[in-house]
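Single chain ahead, written as C-alpha cells, the form predicted alone.
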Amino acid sequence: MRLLSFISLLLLFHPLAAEPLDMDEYLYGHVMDSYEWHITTVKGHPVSVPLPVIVYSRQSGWHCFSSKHLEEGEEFEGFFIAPKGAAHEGKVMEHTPKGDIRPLDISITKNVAGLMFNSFVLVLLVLLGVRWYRRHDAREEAPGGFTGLVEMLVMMVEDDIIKPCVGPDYKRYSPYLLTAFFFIFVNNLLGIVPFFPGGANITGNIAVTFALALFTFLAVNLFGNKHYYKDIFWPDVPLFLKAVPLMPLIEIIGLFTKPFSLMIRLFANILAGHMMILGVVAVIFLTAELGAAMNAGLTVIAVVFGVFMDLIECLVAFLQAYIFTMLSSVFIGLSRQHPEQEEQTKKP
C-alpha cells in the first residue's frame, strides 16, 4: 500500500534512519511551506526541486532566481533565508543599509507549486468527463467508469447539498459550490500522497482556507436579499433588544464568525491529519535506539496503525469537502430566504 511504500523509502533514504530524530524539523518541515520541494535524502544529501524566487526590492527592483542559490544559509544578490529562531524564520530577507527587511515576496513556493499542479489535475479530470459528453448522447447512454464516477459525485453534491440548502435559485451558486467541493476534495487527496508531486499541504495552509472562506463570505453578503439584511439590522425581537442594539451587534459579529469557522475547521482537520500520520511514521525512528526487537515490534504496530490512519484520512478528505460545501450552501441559502419560504418551513 501507499503508506508501506512511503515507509520503505524513508528507511532506505532518510537520514533519520542513522541520526537522532529532530521532531520539530521532521513534522514542521513536512507541513510548512518552503522555497524548494524536498523529495528525499540519499546518503545525507537532500534531493529537491528548486523553485523560482520572485521578490521586489525597494533598493534594486525586481529579482527572479532559483531557490538553489539560497541553500544552506547562502546569500544571493543581497537576499537570504532567515535562519531558525529569527523573526521571519524560513522567509526571504534582504540586507539593506537600514538592516534586514522583508522584500515584497511573490515566489513560487512549494504550496503555490502544489496548488498549481493540483488545479491542473482538477481541470484535467473535469475535461476528461466533458470529453465523454461531447462524443455521446447522455439521453440515450449512461456514462460509466471514471465519467460515471464524476457524474455521480456532481449529482450527489447538487441534489443532496446545493438544492435543499440554497433553495429555488440554486443554479446561480452551483458552479461555485461544485468547484469548491472538487477543489477541496482533490487537494485533500493529493495532500496525503507521500511522494512527488503529491504531499503538498494545500488545504492544511490557513491562507488557502482563508481564501475559500472569503469567497463564501462574498457570495453570502454581496448577493443576500433585503430580508437577509433586515434580519441582521432589524430582527424580529423585542424593541429594547434592537435599541441597545444587542441583537444587531450579535448578528453583525455572526457575519464574520461563520466564514471564520469554515476557515479554521478545514485548516485544523487537514493539518491535524497530516501531523498524526507523520507522528505514527516517526515511531519507527524514535524506537531505533531501543534495540532491534523493540524497534521491530513497534514498527509493525506503527505500520498497521499508519495504514488505518491513512484510510481514515481518505474518508476525512471527502468529509471535509462535503462539510465545507454543505455549510457554504446553508449560509448562502439563509441569505436568500423569503418570508413566504420561512412560513412554509415553519409548517409541520
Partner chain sequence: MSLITPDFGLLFWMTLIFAIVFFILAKFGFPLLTNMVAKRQERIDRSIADAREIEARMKTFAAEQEAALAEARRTQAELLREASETRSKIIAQAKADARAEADKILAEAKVQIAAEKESALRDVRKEVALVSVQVAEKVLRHELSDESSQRAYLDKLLDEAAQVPLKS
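Note that the structure is a prediction, hence the values are computed from the model and not measured. Positions refer to the first chain, counted from 1.
Note that the form predicted together with the partner chain isn't included here; everything after this is about it.
Contact annotation: of the candidates E77, E151, E71, D231, the single residue with a non-hydrogen atom within 4.5 angstroms of the partner chain in the model of the complex is E151. The partner is absent here; in the model of the complex, the one residue of D100, D169, E141, D160 having a heavy atom within 4.5 Å of the partner chain is E141. For the partner chain in the model of the complex, the listed stretch (192 to 200, 178 to 186, 245 to 253, 231 to 239) containing residues with heavy atoms inside 4.5 Å is 178 to 186. In the model of the complex, no heavy atom of N225 sits within 4.5 Å of the partner chain.
Although the partner is absent here, D33 sits close enough that one of its heavy atoms falls within 4.5 Å of the partner chain in the model of the complex. The partner chain in the model of the complex comes within 4.5 Å of no heavy atom belonging to S261. Put simply, F215 is close to the partner chain in the model of the complex: some heavy atom of it is within 4.5 Å.
Contacts between 199 to 222 and the partner chain, taken as any heavy atom within 4.5 Å in the model of the complex, involve N205, I206, A207, V208, F210, A211, L212, F215.
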